[in-house]
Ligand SMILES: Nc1ncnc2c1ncn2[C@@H]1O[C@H](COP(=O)(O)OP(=O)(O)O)[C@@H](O)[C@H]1O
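This document opens with one chain alone, in structure tokens, the form predicted on its own.
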């Protein structure tokens, strides 16, 4: 693509989904793009922001998620990769802070989490906002973001929200339960609107019909659905300042992955029957060497017991060789869930990925919508599995409340418990 073509890029059908042409033209203050997974709404939003940055000098766009650390592998990567695909990398200054400057006209894109108050304050004269995964946001987050967009500007001011249709969130209430704000444009899309989607991912989404009816409705059809049969009803997100200073028991739970994320939770038990956890790792494509390196970087306590998926004995042995106090977890799913359901479970709001998984962790439904007791949906269950591995294996014996149905105990597996 020559420089003249680059600087005059338009909504070209060769590189854009036609579905979003009305959204591309929309100048509404609130541009709400919701729907199923794989519909291309986030890709489109990155494209629209970059085109406006190139063609309208002087922008200060703000790209926001609930927690800043989640931006690197989502919005930042998408913007950077789109710039590269358009052969424009030399025209941008891309900083380690995950901010962009378009050198020919000085327009900028800043990225931030709503948790990084100081960075949000440092971005002056915001001319547009992209809120990714807006179902993570509170109503106050939405209102405060709207207040940031003010002042006289030569171009229209717009807040673009992208999200899947999760029932009961602030975004759902603001735009679909109550009358939406004036000057709103709402666009629904699914994977069927994305001409660039690959066949494997299409089959994956269509296969949700066999996994769970509500998941299929949300992620394939892109329709709002209430997730019935949530497993951990006593799960609550609280400020980390409300966490106890000391615990009766501390341990880690580890769920291995590669294509799916590896998840490491630091879990604390506080009497009576309260669990608090911190998400230490939630990341895909980590080899075991990568995982150990990440644990070392995070200074994971090697004296604290860790319980991991027992179907991966080689990975457990390698982590043990690296000096960690790691054991194979008891994996009885039904008994383990039943045990963990006895606890009040608390998580802080920066456990973004884990909170999303726990919010959708539910019993499976058959085609008629009936709950299949004792059988959880095997989708986005990595953090719940990590919590179960650690809690069921470590606490069931030391609390003296239960044994597995086969009668095996923590003592018989690992010797007399010292925990």
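Everything numeric here is computed off the predicted structure, so don't read it as measured data. Numbering follows the first chain given and starts at 1.
As for the form predicted in complex with the named molecule, it is not shown, yet the points below apply to it.
Inset, instruction - Counting only non-hydrogen atoms, choose the one of 304-312, 114-122, 168-176, 194-202 that falls within 4.5 Å of the named molecule in the model of the complex. - result: Looking at the partner contacts, the answer comes out as 194-202.
Legend entry - Contact assignment for the named molecule in the model of the complex, among 31, 50, 37, 377, heavy atom within 4.5 Å: So the residue touching the named molecule in the model of the complex, by this definition, is 37.
Legend entry - Any non-hydrogen atom of residue 41 within 4.5 angstroms of the named molecule in the model of the complex: Residue-level check for residue 41: yes, a contact with the named molecule.
Inset, instruction - Spell out, yes or no, whether the shortest heavy atom distance between residue 15 and the named molecule in the model of the complex is within 4.5 Å. - result: Yes, residue 15 is a contact residue.
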